[in-house]
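We begin with a single chain expressed as structure tokens, specifically the form predicted alone.
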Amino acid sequence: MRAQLMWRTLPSLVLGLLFLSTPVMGSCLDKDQELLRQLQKQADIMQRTSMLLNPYIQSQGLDKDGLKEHCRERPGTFPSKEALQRLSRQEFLRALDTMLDHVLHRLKALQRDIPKAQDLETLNRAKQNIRGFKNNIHCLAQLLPGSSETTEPAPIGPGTSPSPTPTPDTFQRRLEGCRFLHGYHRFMHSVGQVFREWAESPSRSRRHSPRRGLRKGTRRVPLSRNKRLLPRVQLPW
């Protein structure tokens, strides 16, 4: 029993230590490559189903009688990897920031079906990790060329509509929750792959060419209370 508890706790502990090494909310590192490596590591951990999906399935009793097989991402909830790859770096970061806002909103809604304090702690820890990840997204955006320019929101294209509003039926609501979490983990896997492509082959794509790439030594733009750094991407919900 103790070994099983340690096995469930270890991924959360690793993620907690990783996020403890991130800058305090509102402050940024000046090294773009270090930020990029940190975002890759965070995305790699956040894609693990052990962080959210598996605990949710167990807490909702969806791991019985083959119900787990129905916890598959609903098409159109999150953008595909290919859709993300077609975006410029600024567009990608804005879209990612918008999608994570949507995830935070859904996680808050899922709390109604989580009675146990331990499971609520897991959910709250996940929300805190997402906020830390979003902070690093903002920091990286400040180091991109033209980060101080006002840009129009760019749509991602098909495959970005949110999952439908959960039905009043408790079972269907729980099923929609596990489908959403499955899509979230898949989405974070795609995000990690895009960040890895930026680091490994920055000139492979025309949209992700060195011109639009990260500039070393660029001074970050101070955060302003009256001006959003990342305009919301207008998604075709």
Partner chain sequence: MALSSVSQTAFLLALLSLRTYQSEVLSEPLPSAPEFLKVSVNSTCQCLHLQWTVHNLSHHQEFRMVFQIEISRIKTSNVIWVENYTTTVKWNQVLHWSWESKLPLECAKHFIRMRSAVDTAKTPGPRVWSSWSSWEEADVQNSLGQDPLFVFPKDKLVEEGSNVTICYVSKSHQNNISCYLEGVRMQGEQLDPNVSVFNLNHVAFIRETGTNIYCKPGQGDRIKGTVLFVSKVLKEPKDFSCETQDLTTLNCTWDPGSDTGLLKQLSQSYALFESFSGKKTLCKHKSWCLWQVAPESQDMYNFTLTAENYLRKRSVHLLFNLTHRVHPMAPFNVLFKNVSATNATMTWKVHSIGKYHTLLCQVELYGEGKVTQHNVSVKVDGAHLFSGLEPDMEYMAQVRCANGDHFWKWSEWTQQNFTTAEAAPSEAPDVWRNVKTVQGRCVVTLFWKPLSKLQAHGKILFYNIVVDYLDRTSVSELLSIPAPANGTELPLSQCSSQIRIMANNSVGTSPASVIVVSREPGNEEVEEERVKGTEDGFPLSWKPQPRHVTGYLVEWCEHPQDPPCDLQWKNLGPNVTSTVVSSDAFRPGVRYNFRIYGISTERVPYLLARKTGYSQELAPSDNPQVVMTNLTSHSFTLSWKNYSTESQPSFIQGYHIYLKSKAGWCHSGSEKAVLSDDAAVCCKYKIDNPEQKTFVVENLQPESFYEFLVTPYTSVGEGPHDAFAKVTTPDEYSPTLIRIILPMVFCILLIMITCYLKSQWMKEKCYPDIPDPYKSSVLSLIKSKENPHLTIMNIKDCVPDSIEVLNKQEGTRKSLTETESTKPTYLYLLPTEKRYSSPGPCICFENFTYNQAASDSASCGHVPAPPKAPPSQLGLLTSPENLLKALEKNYMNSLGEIPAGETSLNYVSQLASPMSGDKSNLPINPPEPALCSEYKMQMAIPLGLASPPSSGSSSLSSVTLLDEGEHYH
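Predicted, not measured: the structure shown is a model, and the values here were computed from it. Numbering follows the first chain given and starts at 1.
Quick note: we don't show the form predicted in complex with its partner chain, though the next part is all about it.
With a 4.5 Å cutoff on heavy atoms, K31 does not count as touching its partner chain in the predicted bound form; it lies far away. A residue is said to contact a partner when one of its heavy atoms sits within 4.5 Å of a partner heavy atom; Q60 meets this definition for its partner chain in the predicted bound form. Not displayed here, its partner chain is approached by D65 to within 4.5 Å at the level of heavy atoms in the predicted bound form. Its partner chain in the predicted bound form is approached by L175, whose closest heavy atom lies within 4.5 angstroms of it. Exactly one of the stretches 66-74, 183-191, 46-54, 33-41 approaches its partner chain in the predicted bound form with heavy atoms within 4.5 Å, and it is 66-74. Contact annotation: of the candidates K116, K108, R86, R131, the single residue with a non-hydrogen atom within 4.5 angstroms of its partner chain in the predicted bound form is K116.
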